[in-house]
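Okay, here we've got a single chain as structure tokens, the form predicted alone, with questions on binding and movement later.
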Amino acid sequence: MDATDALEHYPHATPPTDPDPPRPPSPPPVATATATDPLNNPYASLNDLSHELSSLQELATRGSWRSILDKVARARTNHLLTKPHEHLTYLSFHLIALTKLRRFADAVAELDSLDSDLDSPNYHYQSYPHHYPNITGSMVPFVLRWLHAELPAKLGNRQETLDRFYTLLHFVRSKLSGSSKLSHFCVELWKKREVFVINTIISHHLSHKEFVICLALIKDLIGKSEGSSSEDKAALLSKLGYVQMQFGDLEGAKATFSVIEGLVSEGKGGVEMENLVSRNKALLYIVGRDYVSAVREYDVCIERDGGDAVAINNKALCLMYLRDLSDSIKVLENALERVPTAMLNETIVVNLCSMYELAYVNHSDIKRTLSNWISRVAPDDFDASSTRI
């Protein structure tokens, strides 16, 4: 999970990590009380929300997860966090960093060290009226709830993770059921969180080939997508098509993909939508083992968007299936050199190293050179074992 996905981007009316936007209690407070509070002020800076929050956000964007661990440790040691919500905000970044660095046991231990469960009054604004006058609601960042659900699976307890995610989904939907009390922005934020949680649940079921459950969840999302953007609808339909393909329903997948083509033919969406259509066509060609046609579709994608990592990776794989190892290696090497920020991920590196092993006798030396380059440019969480040295 990317940190900026779980920690909502500023600037908006609510802070990056506040899942329950502060609301005036009943009876209403003075009209200006919540509007001027830094936790609820759309014009405040990140640093008004929490101590040096902009620095943490920048480090996360760069993938400097070890630096985040150091920064959180210094803030705690030097007692720089003065309000309860600041401790939870820094805990969120700390847990994300530990998770990114695959230190899952440490992350679970720190999460378990909280004095109370996440719904405890200890984590409500109204429990600290001297800090948050006239503000109510939970100060627990949504990412903490998400990590609380996700981390057990990292330690082998998949069922606990699924149980917690379904509980989290119920929690999110309970917020939406009371949406009449929320602003339009808050409603949209909770809807995005609902989709995020459902997609996470789908991923867990899909990894265990539980296709029937995946199809039901995706169709439920599609049923609720009225009013969504064409891009969001296309992404959902594509996911449905992918599951249908894995389920063996090739004709169903073709029909689903044709709906996306219809959206594009109506002039809805830009390059990203057009590339989605081409990638879907290429997948159908791959299923039929027509790798030449698949390569042509991927070439069209790359011509539109030279940073389309999926198209570049899959084109290289198709060339490998066509026994053109030389060109498949060139495709990935050129892309890594040209757009390293978009292309540097473990899947692409694993594929490239597999091609080296097939093509060269001295593949160990070549992979070592690649590994040295990666160590200079990759973020902290890049898995160095993907070079298979």
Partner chain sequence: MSGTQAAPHSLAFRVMRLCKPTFHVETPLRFDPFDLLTGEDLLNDPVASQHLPRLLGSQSISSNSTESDLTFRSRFLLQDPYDAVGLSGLLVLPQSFGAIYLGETFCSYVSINNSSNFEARDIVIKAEIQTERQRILLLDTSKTPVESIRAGGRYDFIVEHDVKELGPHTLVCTALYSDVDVERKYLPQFFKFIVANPLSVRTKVRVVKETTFLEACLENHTKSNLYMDQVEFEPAQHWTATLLKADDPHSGNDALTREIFKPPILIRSGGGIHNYLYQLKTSALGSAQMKVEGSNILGKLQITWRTNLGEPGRLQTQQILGSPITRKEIELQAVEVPSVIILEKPFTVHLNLTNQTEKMLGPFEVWLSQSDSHDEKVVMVNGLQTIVLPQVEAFSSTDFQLNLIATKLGVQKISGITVFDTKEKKIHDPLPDLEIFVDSD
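Not measured: the values here are computed from a predicted model. Residue numbers count along the first chain shown, from 1.
The protein also exists as the form predicted together with its partner chain; that form is not presented, and the subsequent description refers to it.
Engineer: Looking at Lys71, Lys281, His148, Lys239 here, can you tell me which has any non-hydrogen atom within 4.5 angstroms of its partner chain in the model of the complex?
Structural biologist: Going through each option in turn, the one that passes is Lys239.
Engineer: Given that its partner chain is left out here, which of Ala107, Ala75, Met273, Ile135 has a heavy atom within 4.5 Å of it in the model of the complex?
Structural biologist: Exactly one listed residue reaches within 4.5 Å, namely Ile135.
Engineer: Please run the contact check for Asp232 against its partner chain in the model of the complex: heavy atoms, 4.5 angstroms, yes or no?
Structural biologist: Yes - in the model of the complex, heavy atoms of Asp232 and its partner chain come within 4.5 Å of each other.
Engineer: Wondering, does Val277 line up within 4.5 Å of its partner chain in the model of the complex on heavy atoms?
Structural biologist: No, Val277 is distant from the partner.
Engineer: Give a yes or no for Met355: in the model of the complex, does one of its heavy atoms lie within 4.5 Å of a heavy atom belonging to its partner chain?
Structural biologist: Flag for Met355 set to yes.
Engineer: Report whether the minimum heavy atom distance between Ser207 and its partner chain in the model of the complex is within 4.5 Å.
Structural biologist: Ser207 belongs to the contact set for its partner chain.
Engineer: Within 4.5 Å of its partner chain in the model of the complex, which residues of 111-143 have a heavy atom? Give them in sequence order, or say none.
Structural biologist: Sequence-ordered list: Tyr125, Asn134, Ile135, Thr136, Gly137, Ser138, Met139, Val140, Pro141, Phe142, Val143.
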